[in-house]
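Have a look below at one chain only, the form predicted alone, in C-alpha cells format.
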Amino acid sequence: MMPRSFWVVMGKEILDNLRDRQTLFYALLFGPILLPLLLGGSLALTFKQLSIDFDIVTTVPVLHAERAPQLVEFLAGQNIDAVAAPDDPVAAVANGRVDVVLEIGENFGEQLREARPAALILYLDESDKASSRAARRMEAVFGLWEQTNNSLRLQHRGLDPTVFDTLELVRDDVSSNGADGQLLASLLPFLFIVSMTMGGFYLAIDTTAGERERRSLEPLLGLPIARRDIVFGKFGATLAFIVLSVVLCAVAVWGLFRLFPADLIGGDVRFDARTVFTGLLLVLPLAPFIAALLVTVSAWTRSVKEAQTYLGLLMVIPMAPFFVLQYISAKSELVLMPWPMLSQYLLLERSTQGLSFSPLEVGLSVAGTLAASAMFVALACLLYRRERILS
C-alpha cells in the first residue's frame, strides 16, 4: 500500500499539468487522436490510390479508334470502354480533364499484319495519382493483349508457344497478407508507442526540470516526505497520462479503421475491437517503462531546454524497433521477448495479423519490460537523493 504522501504528490502533478494546455494537447489530442488520423488515414488512402480494381467499368479516350477495332473490342472485354478523345490529348491530360488518352498509331494494322511491333501512345501525367493508376491498368491490359497475340502468331506458324518458355515459376506467398499487410501490422505498435511517449513527454519535463526552473522543487524536497515517495508520485502522474493517452489512441485506431473496408487494408490484417483491445493489453506493460525512462532523463537534466533536447532524442525510440527488426535475423524470436519495445512490436504485429503467440512469450515480454522499468525508477530515486537535483 502506497503512503499518503505518494498520492498527494501524484495528485499535485496531475492537477498542475491539467492546467497546462501544451501537456493536454500532446497527451490527449496529438498523440492519441491526430497522429492515428494523419498516419493511418494517409496510409489507407495511399493503398486505395495504388490499388487497381479491374472489375470496375471505366472509360478511356481513344484517338483514332477506327485503326484498331480488335483492340477496342478487347478493351471492352476488360471493362474499359473507348470514348472519343479530345482534340489536344496532351493538354487534356496535363490540365486534368482526363486521366489518360490512348492514341493508335497510323500504321497500327499494317504493323500487326507484318508481325512487327505496333505503335501505341499512352498520354499520362505521372505526377497525378489518378492518371498514374489509370495508366498502370492500361499497361496491364496491354500486356495481356500482347501475350495473347504473341501466342496466336506462333500457333499460326505451327509453333508451340511453350517452346520458348524455359521456366515456369510460380510464386506462392505463404504469408497471410503480403508486404502491405506487414506494413499495416507495424502501424499499430508504432502508433501505440508514439502516443505513450507523447502522453508523458511534457509532464515528465515539468515535474523535475520545470519545477527546478520555477524554484518549486526545493520547497517540495524540504517537506517531511521521503524522496522515494516524491519520485513515485511523479512517476505515477506520468504513468496516468501515458495510460490515458494509449487508451485514447486505441479508441481512435478502432474508430478510424472502421471507416475503411476490410479488403482495402489488406488480407487478414485486423483492426477490429478485439484485436485493438488485445494490442492494448500487450502494450500496457510498456507504460511504466516509458514513464520511468522519461522521469529519469528529466531528473538527470538541469533545465527545461536540456530536458527537451534529451527527451526529444528519445522520441526516435518508438521508431527504432521497426528498423531494428528489418535487420535482425534471430533464429528464435524468444530471445527478443525480454527486450522492451522490441517484444511489444513483435507481439502486436502478430496479433494484428491474426498469428498466435505463446504465454511464455508474453510472460518474458512483461517480465523484461517491468524489470527495466524498476531499474529506471531506482535510478531516478538515486538521482533525487543527490544534491545535484537542485542545481
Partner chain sequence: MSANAAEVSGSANEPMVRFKNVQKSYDGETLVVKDLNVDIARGEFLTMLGPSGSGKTTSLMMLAGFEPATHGEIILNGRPINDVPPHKRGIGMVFQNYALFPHMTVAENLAFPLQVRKMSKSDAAAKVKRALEMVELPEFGDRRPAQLSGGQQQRVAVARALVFEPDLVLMDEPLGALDKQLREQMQYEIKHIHESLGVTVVYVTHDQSEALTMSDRIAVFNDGVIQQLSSPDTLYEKPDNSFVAQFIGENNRLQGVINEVRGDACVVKLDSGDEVLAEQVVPGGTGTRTTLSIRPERIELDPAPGACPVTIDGKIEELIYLGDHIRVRMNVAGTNEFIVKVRNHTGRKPLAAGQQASVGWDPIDCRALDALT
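Everything quoted here is computed from the prediction, not taken from an experiment. Here, rigid core means the biggest group of C-alpha atoms that superpose within 1.5 Å across both forms. Residue numbers count along the first chain shown, from 1.
Although it is not shown, the form predicted in complex with its partner chain is what the next lines describe.
Trainee: Choose from 84 to 92, 211 to 219, 273 to 281, 99 to 107 the stretch whose residues reach within 4.5 Å of its partner chain in the predicted bound form, heavy atoms counted.
Mentor: Stretch 211 to 219 is the one.
Trainee: Quick one: does P224 come within 4.5 Å of its partner chain in the predicted bound form, counting heavy atoms only?
Mentor: Yes, contact at 4.5 Å.
Trainee: Are any of the heavy atoms in A367 no more than 4.5 Å from a heavy atom of its partner chain in the predicted bound form?
Mentor: Heavy-atom contact with its partner chain at 4.5 Å: absent for A367.
Trainee: Tell me, yes or no, whether L15 is in contact with its partner chain in the predicted bound form, where a contact means a heavy atom of each within 4.5 Å.
Mentor: Result yes; L15 sits at the interface with its partner chain in the predicted bound form.
Trainee: Look at the candidate spot formed by K129, V141 and E146 and say whether its partner chain comes within 4.5 Å of a heavy atom in all three of them in the predicted bound form.
Mentor: No: none of K129, V141 and E146 comes within 4.5 Å of its partner chain in the predicted bound form.
Trainee: A140: after superposing the rigid core, is there a C-alpha shift of 2 Å or more between this form and the one not shown?
Mentor: No: A140 shifts by under 2 Å between this form and the one not shown.
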